[in-house]
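Coming up is one lone chain in C-alpha cells, specifically the form predicted alone.
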C-alpha cells in the first residue's frame, strides 16, 4: 500500500452536541511534515476538531484519516498521535528523564533504546542537562520543553498542540514560538497547532486554517491569508485591516477592476476573493495600515481620500494615525516617525494607497 502524502485528512467532518453544531462539515488535508495551525476565536470549533483528531471526540459525520488510514473507530491510545496541553501534565514525582521515558517504557522497548530515545528528545528541546530535576524545580518554559520531549519521544505521525504556550509570559512565549518551529523542522513530524493568537499562528505555521462558527473560512500560507483574505471575517481577524465599502464600476478583460468608494474615490483592485467581481457588486476593500500614506495636499496619480487626524500615537519607529474620513469612517495608518511633524490631531489630511495593495472581498 502506497504511503499517503497526508499526515491528516478530514472529509466532511462534523460534530454535534445535541442541537449545537460545533464543527460543520469541514474538509482538510495536512501533508506529512507540515506545521499547520487551526486559528480562530473562542467557540469556533478548533479545539473540538483537535479532540476529534486525538480520538477524544467522535465525529457525528464524516471521515478522519491519519497517514491514509481511516481512524474514526480507533481509540486514542492506539492512534499514532500525541497531544501537548497548556497545563504540561507532567508527573510531579518523576524526574525529567522519567517523565520522558514513561511512554517508551509502556511500549516495552529495551531500556537501552529508551535511554537513547529520551536523550535524543531532551537534546532536541535543549533540556538534556536537566535529566535528574523534578518538574517543580523548573521554570514554565522548561516544563513546556519537557512536555514537548515527552510528546516527540514516541515519534508520532501527528503531534497535536492545544494552545501550549498560553500559560507563559509574553517574552517567553515569543521565544518558544521560534523554538517550536525549530523543533518541528528538526524532528520532521506534522504539527497541528490550535491557537486563538493570530501572531503565534503567523509566526510558526507553514499553512493555517481560519475557523469561524464551526466552518473553515480559508486555508493558506500566512502570506496568502494576510494579503488575500477570502472573506470579510478573515480580513478583520488576521492582523489589522481597514475595510472600505465600495461598488464595482468596471470590469474589463485584461484591465484592473475599478471600484468607487465614498462617491468620488475610484481605485483599482489588485486581487478579488472568490469569484470575479461583476459590475454593481458591493465589495469591501481591504487596506492594511502599513500600506496607507498621509499627505497635506491631495496627491496626484494615486487613489486618495480626505480626512482629519483624530490621534497620532507614537510606537517607536512608527506613528499610528487614526484618521476620520467621509461618513465618519475611521482609518488606521502606520507611517514613519517623519510624518509626525506633518500631521497632528485636528489637521486635515489626505490618505493615499497604491492599487497593487488593494484586495476586494465580495459582500
Partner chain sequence: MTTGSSVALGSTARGRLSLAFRTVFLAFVGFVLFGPVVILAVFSLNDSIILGFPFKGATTSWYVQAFREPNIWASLWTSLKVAAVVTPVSLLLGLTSAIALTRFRFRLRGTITAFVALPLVIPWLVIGVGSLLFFSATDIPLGLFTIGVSHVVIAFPLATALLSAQLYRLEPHLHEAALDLGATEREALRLVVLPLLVPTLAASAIFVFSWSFNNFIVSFFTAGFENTFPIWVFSTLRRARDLPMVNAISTLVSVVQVIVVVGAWQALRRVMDRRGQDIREIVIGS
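Rigid core: the largest C-alpha set superposing within 1.5 Å between the two forms. Keep in mind that what you see is a predicted model, and the values were worked out from it rather than measured. Positions refer to the first chain, counted from 1.
Quick note: we don't show the form predicted together with the partner chain, though the next part is all about it.
S.K.: Go through 181 to 189, 93 to 101, 283 to 291, 112 to 120 and give me the stretch that gets within 4.5 Å of the partner chain in the predicted bound form, heavy atoms only.
M.R.: Only one stretch passes the 4.5 Å heavy-atom test: 93 to 101.
S.K.: If the cut-off is 4.5 angstroms on heavy atoms, which of these, 157, 134, 251, 230, is the one near the partner chain in the predicted bound form?
M.R.: Residue within 4.5 Å of the partner: 134.
S.K.: So which of 266, 255, 279, 89 reaches within 4.5 angstroms of the partner chain in the predicted bound form, heavy atom to heavy atom?
M.R.: The residue from 266, 255, 279, 89 that makes the contact is 89.
S.K.: Decide whether residue 241 counts as a contact residue for the partner chain in the predicted bound form under a heavy atom distance cut-off of 4.5 Å.
M.R.: Because no heavy atom of residue 241 falls inside 4.5 Å of the partner chain in the predicted bound form, the answer is no.
S.K.: Applying a 4.5 Å heavy atom distance criterion, does residue 130 contact the partner chain in the predicted bound form?
M.R.: Residue 130: no contact with the partner chain in the predicted bound form.
S.K.: Spell out, yes or no, whether the shortest heavy atom distance between residue 56 and the partner chain in the predicted bound form is within 4.5 Å.
M.R.: Residue 56 belongs to the contact set for the partner chain.
S.K.: Taking any heavy atom pair closer than or equal to 4.5 Å as contact, tell me whether residue 85 reaches the partner chain in the predicted bound form.
M.R.: Yes, residue 85 sits close enough to the partner chain in the predicted bound form that at least one of its heavy atoms falls within 4.5 Å.
S.K.: Using a 4.5 Å heavy atom cutoff, which residues in 48 to 79 contact the partner chain in the predicted bound form? It's fine if the answer is none.
M.R.: Contacts from 48 to 79: 51, 54, 56, 76, 77.
S.K.: On a core-based superposition, does residue 215 travel 2 Å or more at its Cα between the shown form and the other one?
M.R.: No; that C-alpha moves by less than 2 Å between the shown form and the other one.
S.K.: After superposing the rigid core, is the C-alpha displacement of residue 133 2 Å or more between the shown form and the other one?
M.R.: The answer is yes; the displacement is at least 2 Å.
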